[in-house]
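In structure tokens, one chain follows: the form predicted alone.
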Amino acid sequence: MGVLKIENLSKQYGKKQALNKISCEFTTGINALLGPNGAGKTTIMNCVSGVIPKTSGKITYNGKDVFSMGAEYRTKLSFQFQSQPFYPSYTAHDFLEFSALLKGMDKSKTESEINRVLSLVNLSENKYEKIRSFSGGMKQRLAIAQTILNSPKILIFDEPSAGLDPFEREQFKRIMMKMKDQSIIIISTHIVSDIDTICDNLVILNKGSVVANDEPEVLCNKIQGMVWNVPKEDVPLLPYEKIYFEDTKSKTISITKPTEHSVLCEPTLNDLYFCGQLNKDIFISSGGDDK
């Protein structure tokens, strides 16, 4: 099993502290980075991939410092950026062929691999079409195809569902499930439904710090007895910043019963997300701790 470990990682831009001594680890399987915009998700991935230099801290892959590994580490990693650059005059095939060259793939295997990943993202029929003619969702699917090309050991996705319709989002989940036994997959998102049924390991971020890091089931157990459905008539009794809405329900996080008619409910990953944003100390007070 592969392990990508982050220890006391900090990143500072001038006086702004983007990451504050972050420690967490990602293992073979599907790992999710969950947090609001500005929480530090993209900064972590940029540091892990070497796109930007860290200010301090350590990142290791299977016990080896990734920056000392150099090219050996880079051959194991593939990163889908939130805004993926393309050559608009290239066809989908041209783009993937060029990507295969950059990845150092065996030329005898390139064509079959291009066909495989295009099939996975439902772009086989668009193989020889210019990228300039692609919709936003098609470009996003092509970016996913480029990322999984040659099945790297470390796959990083930054907001991969942007621009995808509901069917395509489900297809992305299927692809991740097929690859989870061979790769460390890191998915950064603030959309819980992207990872709620497939995530093996969850890292919750808030303002550049790790709030919690563990298996989703373990984290959900830590907030048992703290998630409440608040009836409509009781909502005005609580500060609105403590209320969040899930489907048709009004909910809040509280160690004690928040209103007379509130009813306890089973925690979900959506509740974990709001725990991390409304009251990050809940994980500590409930016996939780970062890895």
Partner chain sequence: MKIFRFIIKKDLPLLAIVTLILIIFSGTIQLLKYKEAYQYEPYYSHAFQKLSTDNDFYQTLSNELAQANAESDNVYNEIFDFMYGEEYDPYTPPREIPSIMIEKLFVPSDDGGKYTPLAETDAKMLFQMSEQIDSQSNYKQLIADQIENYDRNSRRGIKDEYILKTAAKLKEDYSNVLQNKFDKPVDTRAGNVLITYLTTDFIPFFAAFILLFHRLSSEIQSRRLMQFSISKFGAVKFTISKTLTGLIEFFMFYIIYCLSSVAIFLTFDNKSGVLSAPLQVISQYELSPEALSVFQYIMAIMLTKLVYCIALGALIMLISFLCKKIIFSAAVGIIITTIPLLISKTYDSLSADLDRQKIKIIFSCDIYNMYHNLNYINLFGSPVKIYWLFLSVLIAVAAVSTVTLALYSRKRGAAYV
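Residue numbers count along the first chain shown, from 1. Everything numeric in this text was worked out from a predicted model, so none of it was measured.
There is another form of this protein, the form predicted together with the partner chain, and it is not shown here; the text below is about that form.
Checked against the partner chain in the predicted bound form, the residues Ile175, Leu77, Ala162, Val192 give one hit for a heavy atom within 4.5 Å, which is Leu77. For the options Ile30, Met226, Val230, Val66, the residue carrying a heavy atom within 4.5 angstroms of the partner chain in the predicted bound form is Val66. Contact with the partner chain in the predicted bound form, judged as any non-hydrogen atom within 4.5 angstroms, is confined among 253 to 261, 32 to 40, 48 to 56, 231 to 239 to 48 to 56. Although the partner is absent here, Tyr87 is a contact residue: one of its heavy atoms lies within 4.5 angstroms of the partner chain in the predicted bound form.
The partner chain in the predicted bound form comes within 4.5 Å of a heavy atom belonging to Glu97. Within this chain, Phe81 lines the site of the partner chain in the predicted bound form, having a heavy atom no more than 4.5 Å away. Remark: Gly104 counts among the residues lining the partner chain in the predicted bound form, judged by a heavy atom distance of 4.5 Å or less. If you take 126 to 159 and check each residue for a heavy atom within 4.5 Å of the partner chain in the predicted bound form, you get just Gln146.
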